[in-house]
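Below you'll find only one chain, the form predicted on its own, shown as structure tokens.
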Amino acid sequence: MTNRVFERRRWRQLPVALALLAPSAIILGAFIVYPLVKAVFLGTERCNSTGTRCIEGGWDQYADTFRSTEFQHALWVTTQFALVTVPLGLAFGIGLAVLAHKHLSGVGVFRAIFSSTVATSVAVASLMWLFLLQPSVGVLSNIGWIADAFPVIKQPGLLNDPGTALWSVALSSVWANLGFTFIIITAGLQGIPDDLYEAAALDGAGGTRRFWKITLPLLGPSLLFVLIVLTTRAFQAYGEIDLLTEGGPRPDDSTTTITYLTYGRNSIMATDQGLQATTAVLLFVVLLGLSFLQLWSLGRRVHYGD
């Protein structure tokens, strides 16, 4: 009898639940699900060189594009970009957050400075780094001892050299994402009880041991979240690449990532909407797989507390 009453009550609450979920479902369907489904079907079309006429190419286009030299090169460049930006971003974010987590007078000023990049757009950050790295009028190239120690800064320029272009763009991306990482890690640090540090200090644990045994394990949820977000941002980075190198330097295409291959003005598929949709869907699949892999491999080791 009690179960029947409970079931009837649940069914009476169903309309209210559907009404509350409807706005989110409509927004999700209109702006996420529908464009994704549209892109998946658009990715089966092949267009002419001007992009004015497209014909059905079949689902094999996904396999052909994935095996193509251009996509494999862009995937490798994107992977290198992520391998540089994610570890550096995490290390700098953790380091600055730990330094700013001291109870010192005036430390709020440093917290504001460290987190300020979160309010800086990719365009502004990229222009700032362009002003620093540009070989003819850039700041670094006009400092004599730096230009003498690193001639590549002056000729051909860090953004124009195939060996340094990706690192230069990666540094600008690390700087632009530093504020986000700093804020998330700082919030995680503030959730760690001071009692744990005091008890560890009484037991003779030094600062380094407290960092590895207390700070890092209890920052696990924050670090996992930041890791997934930074990886996603690295694979989706476009603005800094377009503004700083335009996918070059040529002919090596040293900074042509998957996003630039998809949307770049100088990309070989700039006028082919079908191929652009194909690479965009493949990027979505790659990111989905990476996120599941990160959650599966690291999620079980993260301590979420009692």
Partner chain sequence: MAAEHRITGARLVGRYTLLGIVAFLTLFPIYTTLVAAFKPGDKVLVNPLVPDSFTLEPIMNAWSDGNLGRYLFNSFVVAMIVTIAQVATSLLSGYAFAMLDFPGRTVLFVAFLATLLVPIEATLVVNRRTVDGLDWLNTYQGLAVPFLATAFGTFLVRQALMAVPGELRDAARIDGAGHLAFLRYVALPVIVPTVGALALFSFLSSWNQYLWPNLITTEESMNTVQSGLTLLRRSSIDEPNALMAGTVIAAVPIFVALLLFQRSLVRGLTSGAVKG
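So that the term is clear: the rigid core is the largest set of C-alpha atoms that superpose within 1.5 Å between two forms. No experiment lies behind these values; they were computed from the predicted model shown. Residue numbers count along the first chain shown, from 1.
This next part talks about the form predicted in complex with its partner chain, which is not shown.
This chain appears without its partner; in the model of the complex, the one residue of 192, 132, 216, 152 with a heavy atom within 4.5 Å of its partner chain is 132.
Here the chain stands by itself, but in the model of the complex one stretch of 161-169, 83-91, 70-78, 231-239, 231-239, has heavy atoms within 4.5 Å of its partner chain.
Among heavy atoms of residue 24, some come within 4.5 Å of its partner chain in the model of the complex. Although the partner is absent from this view, residue 35 contacts its partner chain in the model of the complex, with a non-hydrogen atom inside 4.5 angstroms. Under a 4.5 angstroms non-hydrogen atom cutoff, its partner chain in the model of the complex has residue 30 among its neighbouring residues. Using a 4.5 angstroms limit between non-hydrogen atoms, residue 287 touches its partner chain in the model of the complex. In the model of the complex, the residues of 141-174 lying within 4.5 Å of its partner chain by at least one heavy atom are, in order, 142, 143. A movement of the C-alpha atom of residue 289 falling short of 2 angstroms is seen between this form and the one not shown when the two forms are aligned on their rigid core. Remark: with the core as the superposition reference, the CA shift of residue 27 between this form and the one not shown reaches 2 Å or more.
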